[in-house]
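The chain that follows stands alone, in the form predicted alone, written as structure tokens.
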Amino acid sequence: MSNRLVHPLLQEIGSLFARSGKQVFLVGGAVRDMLLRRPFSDWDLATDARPEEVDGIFRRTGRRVNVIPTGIKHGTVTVIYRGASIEITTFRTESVYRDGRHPQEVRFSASVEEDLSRRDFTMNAIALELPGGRLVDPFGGEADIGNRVIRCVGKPAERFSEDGLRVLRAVRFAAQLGFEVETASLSAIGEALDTVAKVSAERIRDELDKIVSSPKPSTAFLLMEKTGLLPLILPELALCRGIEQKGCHRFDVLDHSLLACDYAARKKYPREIALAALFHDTGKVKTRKRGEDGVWTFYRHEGESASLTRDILFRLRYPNAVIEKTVHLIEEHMFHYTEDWTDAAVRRFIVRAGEAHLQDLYALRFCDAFGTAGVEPSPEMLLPLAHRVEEVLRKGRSLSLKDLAVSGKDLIAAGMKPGREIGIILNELLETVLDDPEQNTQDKLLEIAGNLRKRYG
């Protein structure tokens, strides 16, 4: 490979190792992405130098350097050099895997070829010698990259039985790169489900995040369905297969949801929108009922979908902020704007949706619309509502308790006793202001509060 394709800093590091009589190679996804002419940011290096020797090589440069023993028992250190963070691991082999994720023993080896033999897929088992740029490709990874094929190193059943995460990586790479999983490797996935079940929720979450942000997430999910992974990892989504939707819908709930997620990925929407697009109709399985006319209905499915999504994201250890936003978008995605909405109705929509979430909610509706028919929705689909919202907001933002002209302290000062009644009255005052913002003056609200107090008294 031409040195012009190798970053100058990598060439410099290669020269440092060479002067010390040591080999060092760029390995893993960085080499794969370099061959694909894709951008990459992670630099993983493999070397015949032991961790203490790596430390010495960089110390001798006289430059300010930080060598961190991030995985010292596996021969890995992270080097902070010239502002770059580089993970460097001593050539190694691994023994039997004890738990479907971690080897019982790690042994250092003498050659990069032996080190590459422990990797998951041929496309990730290529090394680039530094600084010279010679490719070491003992398993035909470069050819598989050219043929856009994901193939296990060695026997697929062995690779997947060693580490269940490799199964999820296979389907994720298919979605990310647009590659096909070759037949033997695909067939071995179904035999490795017990091993996949041992993978931690956090690892599954990380793979799911990468899938929904890939160019075409449905590629991974359909492979998961075909191999039995989907009911294992996301049973709520798997149950959506065969839930037909008549009327304007062309697809069953599963295909509809996958198309919606594909649209979110294509538009590069944030993670919460992509997750909401994927799970927004999972509640239709439980809420489906056939009407007297023979048409299926899914009344209030958004509430059930939100509840299921909360359970899914909690199970996968998502941060609370991600869970709450995703669930909120799903809860509110079934709005139906018509031109006869009053300004009060628009204000209530803004309050219910949350002004900060409006753009994300609009984006989710575009995903939903794409999933309905599989065609690009009109960019003007939500313009009438968006214009009304902008118009109402221009008139004033009396949309929450903090926007009221009176507070709980004002009500207490007017003679009301502290307690639950104060909160009830404040909420009723907010409803009054949502109906008619001109009522939002201290005198008028105190007068209304006095009347409400008599009613509750």
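A residue's number is simply how far along the shown sequence it sits, counting from 1. Since this is a predicted model, take the numbers as computed values, not measurements.
Same protein, other form: the form predicted in complex with adenosine-5'-triphosphate, not shown, and the subject of what follows.
Asks: Looking at His249, His357, Arg310, Arg118, which is the one with a non-hydrogen atom within 4.5 Å of adenosine-5'-triphosphate in the predicted bound form?
Replies: Selected option: Arg118.
Asks: Identify, from the list Asp44, Asp410, Asp55, Glu428, the residue with a heavy atom within 4.5 Å of adenosine-5'-triphosphate in the predicted bound form.
Replies: Checked against the cut-off, the match is Asp44.
Asks: Which is the contacting stretch out of 360 to 368, 68 to 76, 285 to 293, 164 to 172, given heavy atoms within 4.5 Å of adenosine-5'-triphosphate in the predicted bound form?
Replies: Selected stretch: 164 to 172.
Asks: Heavy atoms within 4.5 Å of adenosine-5'-triphosphate in the predicted bound form: does Lys210 have any?
Replies: Yes - in the predicted bound form, heavy atoms of Lys210 and adenosine-5'-triphosphate come within 4.5 Å of each other.
Asks: Please run the contact check for Asn124 against adenosine-5'-triphosphate in the predicted bound form: heavy atoms, 4.5 angstroms, yes or no?
Replies: The answer is yes: Asn124 has a heavy atom within 4.5 Å of adenosine-5'-triphosphate.
Asks: Taking 4.5 angstroms as the cut-off for heavy atoms, does Gly28 touch adenosine-5'-triphosphate in the predicted bound form?
Replies: Close contact exists here: in the predicted bound form, Gly28 approaches adenosine-5'-triphosphate to within 4.5 Å, heavy atoms only.
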